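Presented as structure tokens, the chain that follows is alone, the form predicted alone.
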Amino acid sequence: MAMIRLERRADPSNFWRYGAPLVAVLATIIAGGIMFALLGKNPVEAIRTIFWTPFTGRNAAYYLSQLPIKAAPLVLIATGLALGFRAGIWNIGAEGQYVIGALSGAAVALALYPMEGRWLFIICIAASLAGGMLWAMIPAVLKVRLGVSEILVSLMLVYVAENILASLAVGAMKNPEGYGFPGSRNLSQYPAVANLDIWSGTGIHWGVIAALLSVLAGQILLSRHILGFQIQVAGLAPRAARFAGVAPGRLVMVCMAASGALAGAAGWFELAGPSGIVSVDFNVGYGFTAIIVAFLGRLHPVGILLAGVLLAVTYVGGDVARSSLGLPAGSIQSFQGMLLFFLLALDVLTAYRIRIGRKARA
């Protein structure tokens, strides 16, 4: 009887290390096409609309301007997550830190409304950084002090953050001039804190610049700073890292703080720009999608930038496909989820090879 088994490689495969993301994208396209066909849509037309339409047609200029807007929060969050993932620290709750960071910035903006001064925008950014960082410190402290899994705590805190968001949107942050409708004032129309366009009419805002700066900072940190060396050693050889003087507890705190702060900043940039108001459905899953971006980019800052643009294409192209082809929103989310599934599955082949043989008789 034939048996399929995994056999550990003597050395990791360079082909699968760098080729897995490309094969995962191809597998996602094939599996996504099958899914669209089962939904009664033309699979070739659906895939073409998602990946090609944003770059062509009469509205290409608009779609291209939307790509950096969609990519910015993904890149910003994923860059922070990658630092922890490289060190073996699994912050799965970036979505909650994104929400709390946005609420922290909004709290300052709404408390000081209608105060003027561009410095107020800087204060709101600082508040969002602090809010996201402090929310990430909860699982970090529990991990260091009590040995509690940061995966479970950070994930559960996402739902706590979502409930806080829902409560504030219909309560303390509700627009007093909104005639009873839920949601805050429109912050994108509040000049003192609005995330104004860098290039007029494009919608490209300061969050895009922050994302690019985070990629640059991440690259410098990992390649030229002692902390980056400690992060990489801790992930590859935890015991060797301890002998090298790396303090595991301190590394957990630093990585969780960095990822939480960047996620919080991403939340504020999104709130003060594209979103505009604190609403019950403000969070759209950027914190979870950023996990796909981090792994698709091989936890490397430049790779994350490219992966963020790719996922942004699926967001923009997915919106076009929903409106023009009538695809359900859940199908686009499933399509994005397939990408992570195939990537994680193919990653196994980096350290293992598939062997097919006959089962030995007893």
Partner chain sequence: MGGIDPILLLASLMVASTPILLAALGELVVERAGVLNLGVEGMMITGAVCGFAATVLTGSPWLGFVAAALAGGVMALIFGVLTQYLLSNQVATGLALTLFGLGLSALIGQSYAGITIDRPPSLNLPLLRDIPWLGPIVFRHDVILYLSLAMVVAIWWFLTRSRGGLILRAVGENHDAAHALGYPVIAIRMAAITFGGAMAGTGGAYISIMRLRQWTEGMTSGAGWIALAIVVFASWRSGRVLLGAYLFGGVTVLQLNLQGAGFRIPAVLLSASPYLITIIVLVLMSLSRNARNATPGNLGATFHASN
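Positions refer to the first chain, counted from 1. If you're wondering where the values come from, they're calculated on a predicted model, not measured in any experiment.
Just so it is clear, the following notes concern the form predicted in complex with the partner chain, a form of the same protein that is not shown.
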property: Partner contact for Trp119 in the predicted complex: the partner chain, 4.5 angstroms, heavy atom; result: no
property: 4.5 Å heavy atom contact, Gln333 to the partner chain in the predicted complex; result: yes
property: Distance check, Ile292 to the partner chain in the predicted complex, heavy atom within 4.5 Å; result: yes
property: Exercise: Ala126 in contact with the partner chain in the predicted complex, heavy atom 4.5 Å; result: no
property: The partner chain in the predicted complex: contacting segment from 162 to 170, 247 to 255, 260 to 268, 111 to 119, heavy atom within 4.5 Å; result: 162 to 170
property: All of Leu157, Met338 and Ala345 within 4.5 Å of the partner chain in the predicted complex, heavy atom check; result: yes
property: Contact assignment for the partner chain in the predicted complex, among Val153, Ala210, Ala107, Ala87, heavy atom within 4.5 Å; result: Val153
property: Proximity to the partner chain in the predicted complex, single hit among Val309, Val302, Leu39, Ile29 (heavy atom within 4.5 Å); result: Leu39
property: Residues within 4.5 Å of the partner chain in the predicted complex, restricted to 120 to 150 and counted by heavy atom; result: Leu142, Leu146, Val148
property: Cα separation of His300 and Arg9 in the predicted complex versus here, shift of 3 Å or more; result: closer
property: Note on Leu340-Lys143 C-alpha separation in the predicted complex, which departs from the shown form by 3 angstroms or more; result: farther
